[in-house]
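Shown below, as structure tokens, is a lone chain in the form predicted alone; questions about how it binds or moves come after it.
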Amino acid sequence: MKPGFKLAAMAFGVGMCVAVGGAVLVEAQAPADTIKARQDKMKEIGGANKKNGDAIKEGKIDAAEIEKNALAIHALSKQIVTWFPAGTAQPGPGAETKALPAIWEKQADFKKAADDLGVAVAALAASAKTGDAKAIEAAQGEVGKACGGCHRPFRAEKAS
């Protein structure tokens, strides 16, 4: 084998190892990034829901604000199932998750739970358009039930 060819072959081999190793590193980091991104989106949902719940509890219902928050949750609810791709059930280094394996084991049930949230927040947005405080309060109660309908079977109390 000619020396120049041997050197080129070695360089190619080292380059491939670096490329493959880099791909493995990126893949290893991806679940943690995905977990963080979905947690951020879930916090958006929780924050908007808390604003609505607090306003109702305090008797300071601003129908336009409740509708805005409900529509934001509705838009996010349509994305929920995409935030849990295969390979993100177990957290990687530096990532913790409350997601239970049931999300991946019972995907149809998980999708239905996300869809139920979408239906509930759409109804909340519609009730907010009426300005009827009792209807808004009742619809917010249904949103709470929809949240619990997903959290109970698909979310652990403590991060793993």
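Note that the structure is a prediction, hence the values are computed from the model and not measured. Numbers follow the displayed sequence, beginning with 1.
From this point on, the text means the form predicted in complex with a small molecule, which you will not see here.
In the predicted bound form, the small molecule lies farther than 4.5 Å from every heavy atom of residue 139. Using a 4.5 Å cutoff between non-hydrogen atoms, residue 55 does not count as a contact of the small molecule in the predicted bound form.
Though the partner is left out of this view, residue 42 does reach within 4.5 Å of the small molecule in the predicted bound form, counting heavy atoms only. Residue 124 falls outside the set of residues with a heavy atom inside 4.5 Å of the small molecule in the predicted bound form.
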